[in-house]
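As structure tokens, one chain now follows by itself in the form predicted on its own.
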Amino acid sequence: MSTQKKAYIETYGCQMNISDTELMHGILAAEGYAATEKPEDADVILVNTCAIREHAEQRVLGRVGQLQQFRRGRPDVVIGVTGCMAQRLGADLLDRAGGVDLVMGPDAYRQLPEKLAALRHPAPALPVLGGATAAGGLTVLTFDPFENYEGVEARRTSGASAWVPIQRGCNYRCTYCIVPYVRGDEKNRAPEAILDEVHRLVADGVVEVTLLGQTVNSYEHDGWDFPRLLRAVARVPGIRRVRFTSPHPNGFTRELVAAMAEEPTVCKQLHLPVQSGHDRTLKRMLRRYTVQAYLEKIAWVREAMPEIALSTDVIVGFPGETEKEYHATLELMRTVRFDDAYLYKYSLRDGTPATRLPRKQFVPDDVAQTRLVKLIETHREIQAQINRSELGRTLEVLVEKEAKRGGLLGRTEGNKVVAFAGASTLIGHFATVRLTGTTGATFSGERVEDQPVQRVA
């Protein structure tokens, strides 16, 4: 019977959190922990969290309570909360989520093995670097201005695709956003380290990489800017697809558009958060661009890459948003016609500047919800029209996994998901698929062989 320790990590939130989970699994693997997908088998159960919206935090608190069941008869099981919510709430989590042993922020993951060992074998006067003990648990919440996890071997979850963090933290201070306060200031990795990682990934069979950063296009390091880095990654032999997320409109330049258009391995797909369609709201959000400037950048992109697939983020119900300003956002959605969009109702985050706005400016929850519902309806109508117009096209997809209802799921260059029939041996490989149907957000297709991939002129 194996006595190897096992770790289970459940992930909430953005792509950076997914990447951080791979990082933590890699750190734990170096100390002899095997990853498991079953919390009932784990010696260590971690919930890697998001702090962007209150709803996400409430889900985590409920989930931590559910995970206590896996301790029955196994009192040595350690349960921890990591990530942005852990950094935001700190020791309060030990009181709010009963049964939590460890609360650890995003800059402290190298200390995971050490802290787990301390929890298993507590000393009477245990020194805790950058943390504290409280309510029977341990908090580790220090910010490290130089921590980019160089030298850590992440445990990847996909053989064909990989997240490659190039930046941690954020120097913007959007008034609604908690990220700078839970992830710290921007830290950019050395380009040589990034390129070395991409070369190693290719050697391991990876064909698609996504460059990650909170504002990925603000990347700068020793004379390198983001367009230069993107071109260098795109030219690594063996790479077939390169993506990046998420850029900030304020630093989205013509040089970046040129790199996207001219490098054949850079996917013709762009996620460019807009957040609002009205200048007054954008100014109050401290977004640092106007609607006209945003639309100008969209025009650059579409002129250089007519086939580009666009997606965005939008927040409705920001304090002070009027009906006129909200309708300007609807109009922007109709003007740009995004292929996909992530749409949210404003969520107050303690510690962010927006919480200090006068309470009379806060939009009532029922009004904000009505606005969100209409925004979602508007987007889905546009998305369905766009996707129906693509039926009949023959596209190359990277096959990612088996579909829950049978068959396979693949992703197009435009980041659209296609379900089609095929053998599991195709997972991790490219297949040519004809789009035959759409449910609005995803496609169904049929595999075709010896057919050319079609691109929009």
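Note that residue numbering begins at 1 and tracks the sequence as displayed. If you're wondering where the values come from, they're calculated on a predicted model, not measured in any experiment.
Another form, the form predicted together with a small molecule, is not on view; read the next lines as being about it.
- In the model of the complex, the small molecule sits within 4.5 Å of a heavy atom belonging to residue 275.
- Contact annotation: residue 349 falls within 4.5 Å of the small molecule in the model of the complex, judged by heavy atom distances.
- By the criterion of a heavy atom within 4.5 Å, residue 345 is counted among the residues contacting the small molecule in the model of the complex.
- The closest heavy atom approach of residue 53 to the small molecule in the model of the complex falls within 4.5 Å.
- Residue-level contacts in the model of the complex: of 260, 177, 211, 341, one residue has a heavy atom within 4.5 Å of the small molecule, and it is 177.
- Only one of 323, 307, 313, 185 comes within 4.5 Å of the small molecule in the model of the complex through a heavy atom, and that residue is 313.
- Heavy atoms within 4.5 Å of the small molecule in the model of the complex are found in exactly one of 331-339, 169-177, 220-228, 372-380, that being 169-177.
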